[in-house]
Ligand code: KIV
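Shown below, as structure tokens, is a lone chain in the form predicted alone; questions about how it binds or moves come after it.
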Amino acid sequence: METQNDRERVIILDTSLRDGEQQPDIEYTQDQKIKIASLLEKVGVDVIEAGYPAASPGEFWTVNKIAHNFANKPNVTICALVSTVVDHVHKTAACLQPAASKRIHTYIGTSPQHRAALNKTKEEIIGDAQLAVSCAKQYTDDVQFSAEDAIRTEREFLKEIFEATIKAGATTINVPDTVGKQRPKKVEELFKWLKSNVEGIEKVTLSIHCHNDLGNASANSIAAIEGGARQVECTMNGYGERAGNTCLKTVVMNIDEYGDDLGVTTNINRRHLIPMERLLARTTNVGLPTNRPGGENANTHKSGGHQSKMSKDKSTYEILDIGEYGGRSKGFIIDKLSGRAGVRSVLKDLGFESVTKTQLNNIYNECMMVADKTNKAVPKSQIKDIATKELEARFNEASASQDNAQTHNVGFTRHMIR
């Protein structure tokens, strides 16, 4: 049987500090970026894309500070993005210099739309890409090249520019779905085609970078892995411009679930994922949807039928335990849709282990009255109060009955003595 040690490793490149910050409502301070970088190391990210040093002096010094903080940590690669402008490549190299493990990531648009915007021919674009990769190679052995908008680029041109940049020294070749246009089947086909047709492709790591404009970012990333990609670029919480980027946690969950079929694994310490997501949500003031993979509602149930089956076997409605990712389930929610099994489970959680069938019915009926009246879930504190009153009432009734019985017995005894 195959174990995780037998699987190929998928490199996780986190670009929360670069592409994630391109989300309009996200602005990180230098201190926040530095803190997030250290936490990404704790999560187990292989490559941290720390920013775009050529964008501004402030961005340069922030990325440089992160590089300094990883001067003695070769287990994590600090990466920075740069265009094919040679002066900017030199500047980026200087910025990353302190890091023990560093990567220069250069890119240029390759699709017909981007070639028109750049006003450059295919030959000029290939020349720019080769020159930038060759320049970056002077400073580090780890050089990544991205064909921006690769998904809308003609396959033959992708083949040309990838072969040229591999010859120039690129060690990672990235295929971005820059506008989130593609669907999984086509992504898998493209990666298989690249693996079969690009000379030298076996020498490099193939990478995928997806945007979520049609909601396919995570599915496309998994499809790319099936097609041969061994690096996925993603962000915490799926942050990013427009509809966002591939969500790191979602990709990891898929790899955990389908690892045997995919034959891959990651270095991610999954127990830190949900705490890290929540920290970023607080830092950015950008809320997280509750009904998403690993969200607050992922292992939460309020339907009576679901609760009844879940009480017997959790696997009936749950394929993942979010506790393994550092999350915590709300358990069963009691509202007008819930059943007695759900109420009994909540009562056990609240410490009411021994509840008779009659007591359960009374507590359930009272909860339904509250739920119908408020049209909301019944708070657990209120369920506790309802249960306490019910048990006290039954106890008092039992005590009264016992007292009556004792009085009756005493009278009977006195009668017999006479």
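Note that residue numbering follows the sequence shown and begins at 1. All values reported here derive from a predicted model rather than from experimental measurement.
Below, we refer to the form predicted in complex with this ligand, which is not included among the displayed structures.
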Within a 4.5 Å heavy atom cut-off, is residue 81 in contact with this ligand in the predicted complex?
-> yes
Does at least one non-hydrogen atom of residue 174 fall within 4.5 angstroms of this ligand in the predicted complex?
-> yes
With heavy atoms only and a cut-off of 4.5 Å, decide whether residue 235 touches this ligand in the predicted complex.
-> no
Contact label in the predicted complex: residue 146 to this ligand, heavy atom within 4.5 Å | yes
One stretch from 204-212, 267-275, 328-336, 164-172 that, in the predicted complex, holds residues within 4.5 Å of this ligand by heavy atom | 204-212
This ligand in the predicted complex has a heavy atom of only one listed residue within 4.5 Å, and of 220, 178, 153, 92 that residue is 178
Check each residue of 93-111 against this ligand in the predicted complex and list those with a heavy atom within 4.5 Å, in sequence order.
-> 105, 107
